[in-house]
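To begin, one chain is listed below as structure tokens, in the form predicted on its own.
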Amino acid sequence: MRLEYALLAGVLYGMFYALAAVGLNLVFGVLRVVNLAHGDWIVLGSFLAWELYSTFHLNVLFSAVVALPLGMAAGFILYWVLAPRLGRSEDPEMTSFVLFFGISQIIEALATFGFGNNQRSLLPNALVAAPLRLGGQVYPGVLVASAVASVPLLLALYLYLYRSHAGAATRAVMANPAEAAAVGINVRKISALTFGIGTAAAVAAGAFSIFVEGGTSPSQGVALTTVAFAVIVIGSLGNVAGTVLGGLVYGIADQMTATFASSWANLVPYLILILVMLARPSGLLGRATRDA
């Protein structure tokens, strides 16, 4: 019974991790930069959920919906502020690394100024009150709700990428920006749209991270960025579909370890990351990316 519980709990956690990481992978696929402030956007989403519930008693699902346009707008603005400066840089990759690190520190400082250093949390009834029984096991309702809510958001992103003209242009830029520009695709506009979508996904994930992570604090961003990066490396850098697989692998490994070897719980998922990198440096779905 413990095995079944750990497996299903791992799947539930994995769907949240996929949502938390998908924006980071999408931005990397198009812009070829690792957004070190990604986890801090998740933290801002969690504080948004906390504030809306504490002040107006709004269900956290509403916060996730509100987070999408707010995150999109923030991503657009940030991209158009940064893009000209990155374009003039002699080393855009290193410049972007430093810039996003600085943005991460600024967001953390602003969150600390606005909410203090203390951890904030919400009671389960801010999302769903009752635990749920699945397969003969009882799971926290907030965990199930977070996983279920992640599915339509991930599905919407999939439909955008594979069923829309803008999504086709995005995949073309992922494959080869120079060739995409040569056939008339506005790479800068697609990059801005991608950064907006990636930021929106991160902020929306933050609405659920306050439950999945047991609370939120301004300093939590670095840890969330690390987990998101591990997830996308396991699946495949630049492959959004691989993010779901990476999230499931990470979530199951985390829960199996927490259940059967709790003293190793913080280590085993990263050991799996290292093993994947050694066996398949391009990630579990890396071959699919090369063949596309």
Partner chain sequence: MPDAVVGVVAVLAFALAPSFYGNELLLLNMALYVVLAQGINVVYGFAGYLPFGYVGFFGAGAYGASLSVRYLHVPAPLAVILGGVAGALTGTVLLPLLRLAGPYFAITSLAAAEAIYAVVANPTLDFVTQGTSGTDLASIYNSAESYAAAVCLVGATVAVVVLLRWGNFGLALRAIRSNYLAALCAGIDVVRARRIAWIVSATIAGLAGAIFAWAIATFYASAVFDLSVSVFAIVFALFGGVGTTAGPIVGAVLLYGLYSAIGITAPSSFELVYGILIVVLVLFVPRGLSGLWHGFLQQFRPTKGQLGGGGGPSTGRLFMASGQPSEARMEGGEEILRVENLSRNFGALRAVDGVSFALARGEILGLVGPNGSGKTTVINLLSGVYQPSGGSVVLGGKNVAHLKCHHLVRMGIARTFQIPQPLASLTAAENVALASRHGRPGPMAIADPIAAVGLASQRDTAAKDLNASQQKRLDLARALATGPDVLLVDEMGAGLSPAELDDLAALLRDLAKQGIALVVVEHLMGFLAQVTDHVVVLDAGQEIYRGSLGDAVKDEQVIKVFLGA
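What we label the rigid core is the largest C-alpha set whose atoms superpose within 1.5 Å from one form to the other. Positions refer to the first chain, counted from 1. Owing to the predicted nature of the structure, the values given are computational and were not obtained by experimental measurement.
This protein has a second form, the form predicted together with the partner chain, left out of what is shown; the following refers to that one.
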Just give me the single entry in V249, L237, L52, L68 that has a non-hydrogen atom within 4.5 angstroms of the partner chain in the predicted bound form. L237
Would you kindly say which of L82, A175, A168, V148 lies with a heavy atom within 4.5 Å of the partner chain in the predicted bound form? L82
Taking any heavy atom pair closer than or equal to 4.5 Å as contact, tell me whether M277 reaches the partner chain in the predicted bound form. yes
In the predicted bound form, does V34 have a heavy atom within 4.5 Å of the partner chain? yes
State yes or no: in the predicted bound form, is some non-hydrogen atom of F97 no more than 4.5 angstroms from a non-hydrogen atom of the partner chain? yes
Could you confirm whether Q137 comes within 4.5 Å of the partner chain in the predicted bound form, counting heavy atoms only? no
Per contact check vs the partner chain in the predicted bound form (non-hydrogen atom within 4.5 angstroms), the hit among 152-160, 192-200, 99-107, 208-216 is 99-107
C-alpha of I272 moved at least 2 Å between the shown form and the other one on rigid core: yes
